[in-house]
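Next comes just one chain, in structure tokens: the form predicted alone.
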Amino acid sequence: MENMQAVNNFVAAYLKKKGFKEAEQLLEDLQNKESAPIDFHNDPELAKFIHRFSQSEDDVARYQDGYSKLRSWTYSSLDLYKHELLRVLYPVFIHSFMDMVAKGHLQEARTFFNNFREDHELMHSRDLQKLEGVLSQSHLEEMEFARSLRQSKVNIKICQYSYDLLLQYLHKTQSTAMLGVINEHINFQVSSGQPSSISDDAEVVTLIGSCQDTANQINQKEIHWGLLEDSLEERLEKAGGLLSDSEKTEEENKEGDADDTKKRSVESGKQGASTKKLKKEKALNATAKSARPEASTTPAAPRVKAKLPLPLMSTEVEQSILEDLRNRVQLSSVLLPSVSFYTFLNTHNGLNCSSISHDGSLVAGGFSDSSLKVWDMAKLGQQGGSSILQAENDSTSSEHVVGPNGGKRSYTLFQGHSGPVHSATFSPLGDFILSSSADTTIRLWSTKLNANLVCYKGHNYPVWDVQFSPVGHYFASASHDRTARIWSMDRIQPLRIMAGHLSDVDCVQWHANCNYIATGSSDKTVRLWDVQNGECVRIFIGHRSMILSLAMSPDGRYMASGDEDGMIMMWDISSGRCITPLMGHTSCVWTVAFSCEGSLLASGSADCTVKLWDVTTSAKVPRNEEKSGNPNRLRLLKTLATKSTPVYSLQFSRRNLLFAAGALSKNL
């Protein structure tokens, strides 16, 4: 009480000095009531006074001593509450550092930064590397990252008891510098009950802009996430054109025999392995048939109208797609997909990206020397040259090794870019390929003519990603200029420009109905945009590092995003909330892909693994399990490890065969 009275007297003296008579009278009334202590944390006026008082002190030792004591107290707390209290340290650390820089104590700020940065290297190494460049007061204004931090608040979810413990400590120790920083830059979301699980840490600490109310308002906008009317899938269902299980098994066996014959021509020394694998797959199909789970109770996706004029599809192409849909393998947790992995050899760290056509017949690679190379798997198989496989003689029968073929080129070379190629994507039919480059351009190539058709210019900085829409004709791009743009093949200028991210837009993905695009950014957020008016209709907040990959579920209900730390988050597009984090990768998640019926999610990472996740179970987590942080919600079905090949891209075929690609790395 003595400490409280001292603070009350200080505030009263300050109010009297400044002539705030009404505020002084109000404070006296509150003191006279003595019914409850003043909540200094939640009173905005008193919070400002305390922060000004802490700022008026030139002694920077208050920051160093205050943070050091707060850190020691936090680490010595009870284990039950420690992980919640530790969440407070990082925002207090970075804002104490920036406050010292703002006051001109540069050397002391640098010493403080170096003394305590190791505590946060594991979770925030990328942010710390940026803050390391803050060397003067002017940098705080000039550096966009530092400016956004100072204008932002951190949302921290914490239980009531942990919150009370923290306030009692701050008041008891009279840590006005730390209390000022916390009041100014942290927004506590206090919940009743037990502390949240330590596995929920990725969800409970989020950096938000000062316009959080605006973000919440955006997420209230109505969106129509269903599938397009009169789609091929809908027509097939109405016509009852799906094959029975027995017919589908016969078709799969025929395809397996054909694939086995094709592989024999390419890998003549491995007939035995192929036959053994084929028998294993047949046995697995029989087991899966007998253990087929009950029909899904998930309601069918609603039908929506297209906001963009859709291109016409020829009858021949339509029949081909319908044939694939009829013979599609229905995947589940007991029936996992077959995986065909394409490995690039002798790239000498020059491969930046890869892409696989929908049927797996074409594989493209974008290189640092500004070239784009496309391999035709059918032609590669007909060559039968032993040099194609000599780099990995013990590779499995389902692995295709892409590399140089002596003096004879085994690929089609596309040249035209004047900078490294960062992204490539095939059109749905495989007759076109788009590439984006550091030279700020996007180029359209014909895989039939083997020629460059169009060069699209509009971005002012490197273009990190480009993606064809599910219907072709339209495509979206993401750039270092913090914008995403929508284009059509027949126009050289963008149709829409999506601006709003605070940093690079690193990846882009189309919604299944082509009415929305999603963008992932280095500002750690994912945004959903309406293609008709270019407005942001959803902001997804929860990642703790830059977003590198995005995928939409086939029914348009869910979205998956992978980040630099190896975290994958599953989002409900309608509500804008995270359904569940998927933890398992130990490095960057470069690619994610949903199976064609949406029951499985595949993820590829720099940790040289492909992981398969059960989406159906993960998306139906009971609310009580979600709040308690039950680790059983993380439904990892299988991990497929490569020898030493980071996974660059994943692609499910229309028949649910999973294709993957990556470059062999001898440095791992």
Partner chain sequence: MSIVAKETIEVIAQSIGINNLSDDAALSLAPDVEYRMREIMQEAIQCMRHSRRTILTTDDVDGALNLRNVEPVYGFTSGGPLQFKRAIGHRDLFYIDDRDVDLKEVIEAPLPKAPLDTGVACHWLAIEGVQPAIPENAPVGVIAAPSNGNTHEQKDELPVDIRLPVKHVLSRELQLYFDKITELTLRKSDSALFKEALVSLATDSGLHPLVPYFTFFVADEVSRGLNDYSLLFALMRIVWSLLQNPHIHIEPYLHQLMPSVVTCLVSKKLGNRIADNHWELRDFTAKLVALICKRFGHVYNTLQTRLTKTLLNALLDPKRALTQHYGAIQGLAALGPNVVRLLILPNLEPYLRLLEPELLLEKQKNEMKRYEAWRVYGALLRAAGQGIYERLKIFPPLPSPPGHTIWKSKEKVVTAVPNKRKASMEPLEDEPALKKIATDGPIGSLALVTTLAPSGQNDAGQPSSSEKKTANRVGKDGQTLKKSAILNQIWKDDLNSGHTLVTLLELLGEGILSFIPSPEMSLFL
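For the two forms, the rigid core is made up of the largest set of C-alpha atoms that agree within 1.5 Å on superposition. Positions refer to the first chain, counted from 1. Keep in mind it's a predicted model, so treat the numbers as computed, not measured.
Keep in mind the form predicted in complex with the partner chain is missing from the figure; the text below concerns it.
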The partner chain: the contacting residue among 541, 593, 573, 336 in the predicted bound form [heavy atom, 4.5 Å]: 336
Just to confirm, with a 4.5 Å cut-off on non-hydrogen atoms, which of 352, 525, 425, 332 contacts the partner chain in the predicted bound form? 352
Among 107 to 115, 166 to 174, 510 to 518, 89 to 97, which stretch has residues with heavy atoms no more than 4.5 Å from the partner chain in the predicted bound form? 107 to 115
Decide whether residue 504 counts as a contact residue for the partner chain in the predicted bound form under a heavy atom distance cut-off of 4.5 Å. yes
Touches the partner chain in the predicted bound form: residue 135 (any heavy atom, 4.5 Å): yes
Do residue 192 and the partner chain come within 4.5 Å of each other in the predicted bound form, heavy atoms counted? no
Spell out, yes or no, whether the shortest heavy atom distance between residue 161 and the partner chain in the predicted bound form is within 4.5 Å. no
Suppose contact means any heavy atom within 4.5 Å; which members of 554 to 584 contact the partner chain in the predicted bound form? 564
Comparing between this form and the one not shown on the rigid core, is the C-alpha shift at residue 370 2 Å or larger? no
Exceeds or equals 2 Å, Cα of residue 338 between this form and the one not shown, core fit: no
Following rigid core alignment, is the displacement of the residue 132 C-alpha between this form and the one not shown equal to or greater than 2 angstroms? yes
